[in-house]
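For reference, the chain that follows is the form predicted on its own, supplied as structure tokens.
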Amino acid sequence: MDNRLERRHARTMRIMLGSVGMLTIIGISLAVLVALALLLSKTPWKTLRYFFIGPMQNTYYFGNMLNSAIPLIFGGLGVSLAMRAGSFNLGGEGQLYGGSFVATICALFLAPLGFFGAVVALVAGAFTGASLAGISGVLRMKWKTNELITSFLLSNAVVLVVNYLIAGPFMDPNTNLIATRTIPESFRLARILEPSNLSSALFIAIVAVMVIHFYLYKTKHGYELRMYGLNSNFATYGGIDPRRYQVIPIMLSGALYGLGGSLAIFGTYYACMKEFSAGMGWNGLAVALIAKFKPAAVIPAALFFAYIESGARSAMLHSDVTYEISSIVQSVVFFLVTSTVLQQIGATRRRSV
């Protein structure tokens, strides 16, 4: 009984130390933001006021902030799932973009099928992302190629191909935008918190987090996946098929990216515009890093990133700073969450516990 209490106490302390570490990173990042405002803005207090309060000032801004977090949740889930299996999926940009394009085209052709057609289009978008990521998994399984490199290179190629298709064969001639035709109104997700762009895709994202968490921590395959990610040689010695967890997790990662992009079309954009998703894949990686690849922590991490972007946009509109201030703060977050110094400090504290 005493050993059980000691283990529970140690686990609680590790969670608390991890939370303190995340709060430290957020605090440093926001301190950098304050310093930038003081240095770069002629009206720093006005800039800071709109940055911190702007995303909450009305329903429109708040809803749009939540809406921008939705693809980040799917991206963070995708990266976290792959990393738990020891795979590195850097192809999120292409998987999200390619999946959204395929879902849009399917929606245009399946318009007569109504709800069933919308479901098929979303599945097609997720399948596209899974297929693109699966190529890297198969190459790793067959020839031990580095999936970090292959997923990144394939993603870059997919972005160029989709750009050509949108600007060429599938471009809508009736709009000034470089985009496809808009999907049918019957395929569009319901809006919530109007007049913002927030859609019911938010609930799908929350359900996805719950499903992935349950899969990783409550199922046999999820346990095997995590064991393989921690030590592939030990897992193979224990009877776990390595081929399964070299391909399936990265495919599921791509599927989440593809589904996130498809829902962005169905809930926000209603057409696949050229490079509308630029940066979403990399921001999903940042969200996963902040969450330390834990599905339950992906939602607050995505909201934090969305808050930074929304605050920067509000400050840009109402003061004299540019939107790039958010990129600087995000870069600081990237640096801190990957900092070996902070990791060593955290490890030392955990050992002392």
Partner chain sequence: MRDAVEMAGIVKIYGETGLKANDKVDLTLHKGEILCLAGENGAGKTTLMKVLYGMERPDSGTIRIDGKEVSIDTPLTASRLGIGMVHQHFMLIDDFSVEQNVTLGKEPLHYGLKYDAKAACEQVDKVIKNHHFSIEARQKVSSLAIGQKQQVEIVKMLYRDVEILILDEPTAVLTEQETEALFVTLRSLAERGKSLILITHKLHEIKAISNRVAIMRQGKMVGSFKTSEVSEQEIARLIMGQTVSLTVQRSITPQKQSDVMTFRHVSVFNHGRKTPVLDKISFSARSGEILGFAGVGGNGLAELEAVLSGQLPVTSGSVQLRNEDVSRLETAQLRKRGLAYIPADRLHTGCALAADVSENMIIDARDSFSRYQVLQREKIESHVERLLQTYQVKGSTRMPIGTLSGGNIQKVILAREIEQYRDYIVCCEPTWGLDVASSNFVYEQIMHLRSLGAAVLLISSNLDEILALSDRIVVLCRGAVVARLDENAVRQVTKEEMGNYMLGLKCQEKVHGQQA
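Note that the structure is a prediction, hence the values are computed from the model and not measured. Residue numbers count along the first chain shown, from 1.
What comes next is about the form predicted in complex with the partner chain, which is not displayed.
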Open item on the list: Residue-level contact is defined here as any heavy atom of the residue lying within 4.5 Å of the partner chain in the model of the complex; does Phe116 satisfy this criterion?
Closed with: no
Open item on the list: At 4.5 Å between heavy atoms, is Asn174 in contact with the partner chain in the model of the complex?
Closed with: no
Task: Interface membership of Phe214, the partner chain in the model of the complex, 4.5 Å heavy atom rule - done: yes
Task: Ala167, heavy atom within 4.5 angstroms of the partner chain in the model of the complex - done: no
TODO: Scan Leu230, Leu193, Val120, Ala157 and let me know which has any heavy atom within 4.5 Å of the partner chain in the model of the complex.
DONE: Leu230
- [ ] Using heavy atoms and a 4.5 Å cut-off, decide whether Glu309, Thr322 and Ile325 all contact the partner chain in the model of the complex.
- [x] no
Open item on the list: I need the one stretch from 271 to 279, 121 to 129, 232 to 240, 194 to 202 whose residues put non-hydrogen atoms within 4.5 angstroms of the partner chain in the model of the complex.
Closed with: 232 to 240
